[in-house]
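What follows is a single chain, given as structure tokens, in the form predicted alone.
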Amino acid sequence: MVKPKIGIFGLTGCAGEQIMILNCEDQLIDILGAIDIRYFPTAMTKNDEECELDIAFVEGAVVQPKDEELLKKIRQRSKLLIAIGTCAVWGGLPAMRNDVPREEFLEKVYGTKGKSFKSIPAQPLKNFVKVDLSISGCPIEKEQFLKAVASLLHGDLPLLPSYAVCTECKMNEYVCMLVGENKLCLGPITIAGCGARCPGYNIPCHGCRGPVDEANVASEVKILKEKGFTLRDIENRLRSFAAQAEILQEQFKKE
């Protein structure tokens, strides 16, 4: 059986997804036995820059012109392109304040030298190329990556959760952060897959995985307003990880 050729790439980001892949210690040998990793600079010194790939995993947001250039090259050489991590899927933290002019950011951080940096508003991969599969998370869950690899080896796209973190809270019998604790929790509109990790530690969901499909953002905002949270508080929380999600942008415009 011919092993699929795999590339693991990073654009502008923290490399958390690549580190998470390397943290698959117990399964790493099995993974390496089933696939042919041709590009993974975080873990390899010799990387193939030109070969055609069966699957490309790409993390990070597009924040620089060189990110866009690299991403389009990856897309051209890959049969499947998979966005991994919230930055790649939704723009993540780098896109939190895209409403502020980029020049203003650069000047505030770098002073007059900021003018020499080539930077664009942070955006998810799908804004530039076709993305075949998105695995969200900040960082991604190790189990979801392993299941994705297993499914892809069988020629199938993996089935990822399509429900909200609230469902996982209920399954774990956690106290509701929103209703029971009156905390600013985004569990009702955030895509599941983390096992409701934060609520399990009595921390409200910050929405790091991005919005669930057909999220009722308006209803979430209404409930939070009724509980005394200001629109600014709510907007800042919503913007933290997935400001570029269309459903959230629509809500910002309404407000």
Partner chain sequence: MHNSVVIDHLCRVEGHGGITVNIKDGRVEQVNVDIFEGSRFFEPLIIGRHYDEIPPILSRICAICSAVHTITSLMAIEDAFGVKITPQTTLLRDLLIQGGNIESHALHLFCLAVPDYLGYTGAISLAADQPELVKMGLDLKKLGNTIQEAIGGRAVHPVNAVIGGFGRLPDKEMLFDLKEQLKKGLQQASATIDLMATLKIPNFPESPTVYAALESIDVKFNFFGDRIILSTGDSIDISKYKEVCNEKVVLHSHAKHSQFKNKPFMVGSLARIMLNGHRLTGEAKKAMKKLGLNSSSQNVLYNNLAQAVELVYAIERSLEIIEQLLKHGIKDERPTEVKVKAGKGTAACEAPRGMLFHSYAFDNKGNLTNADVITPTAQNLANMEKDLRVSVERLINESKESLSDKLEMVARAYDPCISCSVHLVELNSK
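Positions refer to the first chain, counted from 1. Being a predicted model, the structure only gives us computed values, none of them experimental.
One more form of this protein exists, namely the form predicted in complex with its partner chain; it is left out here, but the text below deals with it.
Peer 1: Look up in the model of the complex whether G228 has a non-hydrogen atom within 4.5 angstroms of its partner chain, and give yes or no.
Peer 2: So G228 does not count as contacting its partner chain.
Peer 1: Tell me, yes or no, whether L80 is in contact with its partner chain in the model of the complex, where a contact means a heavy atom of each within 4.5 Å.
Peer 2: No, L80 stays farther than 4.5 Å from its partner chain in the model of the complex.
Peer 1: Answer for K108 alone: is it within 4.5 Å of its partner chain in the model of the complex, judged on heavy atom distances?
Peer 2: Looking in the model of the complex, residue contacts with its partner chain include K108, since a heavy atom lies within 4.5 Å.
Peer 1: Using the partner position in the model of the complex, report whether I37 sits within 4.5 Å of its partner chain, counting heavy atoms only.
Peer 2: Yes, contact at 4.5 Å.
Peer 1: Does its partner chain, in the model of the complex, lie within 4.5 angstroms of each residue among L11, T42 and M96, using heavy atoms as the measure?
Peer 2: Yes: L11, T42 and M96 each sit within 4.5 Å of its partner chain in the model of the complex.
Peer 1: What residues, if any, in 43-76 have a non-hydrogen atom within 4.5 angstroms of its partner chain in the model of the complex?
Peer 2: Contacts from 43-76: A43, M44, T45, K46, N47, V63, Q64, K66.
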